[in-house]
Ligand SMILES: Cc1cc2nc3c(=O)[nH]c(=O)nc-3n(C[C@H](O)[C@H](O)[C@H](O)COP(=O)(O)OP(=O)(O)OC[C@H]3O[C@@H](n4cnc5c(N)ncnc54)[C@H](O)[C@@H]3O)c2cc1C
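As a starting point, one isolated chain is supplied in structure tokens, in the form predicted alone.
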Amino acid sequence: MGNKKVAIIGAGITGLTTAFYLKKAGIPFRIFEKTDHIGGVIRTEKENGFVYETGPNSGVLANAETVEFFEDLGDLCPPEIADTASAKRLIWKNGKWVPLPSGPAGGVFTPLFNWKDKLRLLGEPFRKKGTNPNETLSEMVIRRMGKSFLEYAIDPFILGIYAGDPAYIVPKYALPKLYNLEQDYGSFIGGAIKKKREKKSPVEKKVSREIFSVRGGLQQLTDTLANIAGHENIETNSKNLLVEKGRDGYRIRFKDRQENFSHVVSTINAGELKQTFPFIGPKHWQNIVNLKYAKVTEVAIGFKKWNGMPLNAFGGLIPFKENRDILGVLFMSSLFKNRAPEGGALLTTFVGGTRKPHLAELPEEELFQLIKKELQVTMQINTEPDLFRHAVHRQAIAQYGADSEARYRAIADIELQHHGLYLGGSIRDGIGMADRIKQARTISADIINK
């Protein structure tokens, strides 16, 4: 490993986790971050007794890599598991919140779905599996379960995760576990039952799919990773960074300086790649840089005294069909401790997304009035908030559509042609925190073992 030296572009969760495992293996590295902030979009703010996020609010213990990651961190930064109320999810329908059923039996009695589709649900395990790998999520759900399941279960779920449109999202890339249930087992319901019965390794048994944060907010996690990496190994304000390919590796040009590396790991967005890696031909970029992103404004609203509806759930999601101007609401002070003063509440709501992007650009006063109106209707709260802070994310969430196949193939071709270069981040492998941690584990292991 003595001749290995790794450049990591981007100091978000993917880059910092990659650095964490390289450090454990004794491989030298440098992290380059274009802003003055370490942690990427993860940032936690504290104000007037409220602790709120301006980026991701939580993650899911969704894979073995994430479980092992927190085990490796140990007492340095243990996960904070969300309150048991997080198991309950609410869906807005016809002017009120309805709990999303957690199983087939609940699906029969809920008012969310019509009776025609409830009866169709009984036949779901016996339907033929799809043959189109680029079938959209809308097409798949209507084919297997019916339109009301799409409108009042899948659509709000996609709004909550991707701020996207099921008619654009392709499950093979955006929801591979769902896609593989049908492909491997022939059914969503039957596949879920069979997978539950399969023998699991000890670490797989720990994959609880629980919602997590860390005490004090997610920035505690990225701050911990930065401390482990060593701030002397992190170069912030590295704007206009340039990567050149040499005979024996790569040269990074930054701040009128240059440094040589054997490997380069990129975690940056699609639109920044072309100018960062000028030695890669344009034919490769055309299928990568056209990646679509959702524009989202995230709003934290705090009340020192809560007089609204009971907040005994993860939060509420609002189907696009209901034609409201927010995507959903998270009940953050119910999920995690010390997020609001005693007797108060902290909510996080979102506006914009791929179908209403103009709302994400509203001036602050218009945004305030919109949120106030929406919360009066949906949360039964009429008092003025004690906290109102918003963050605009113009490239918030990558959208995995039918163009993903060509993008994945282009990334694989680039990495094959340019040994030691890894194109990671949300351009592939998923957009959740667990996806980012898993990708970082995979990339770092590849560098360590080759």
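Start at 1 and count along the sequence shown; that's the residue number. Bear in mind the structure is a predicted one, so any value in this text is a computation, not a measurement.
If you look for the form predicted in complex with this ligand, you will not find it shown, but the lines that follow are about it.
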{"property": "Non-hydrogen atom within 4.5 Å of this ligand in the predicted complex for each of 216, 219 and 334", "result": "no"}
{"property": "Interface stretch in the predicted complex with this ligand - options 301-309, 264-272, 223-231, 87-95, non-hydrogen atom within 4.5 Å", "result": "264-272"}
{"property": "is_contact(residue 58, this ligand) in the predicted complex, heavy atom dist at most 4.5 Å", "result": "yes"}
{"property": "Close approach of residue 32 to this ligand in the predicted complex, 4.5 Å, heavy atom", "result": "yes"}
{"property": "Partner proximity in the predicted complex: residue 19 to this ligand, non-hydrogen atom cutoff 4.5 Å", "result": "no"}
{"property": "is_contact(residue 387, this ligand) in the predicted complex, heavy atom dist at most 4.5 Å", "result": "no"}
{"property": "This ligand: the contacting residue among 354, 148, 276, 136 in the predicted complex [heavy atom, 4.5 Å]", "result": "276"}
{"property": "Residues from 428-450 in contact with this ligand (non-hydrogen atom within 4.5 Å) in the predicted complex", "result": "431, 432, 433, 436"}
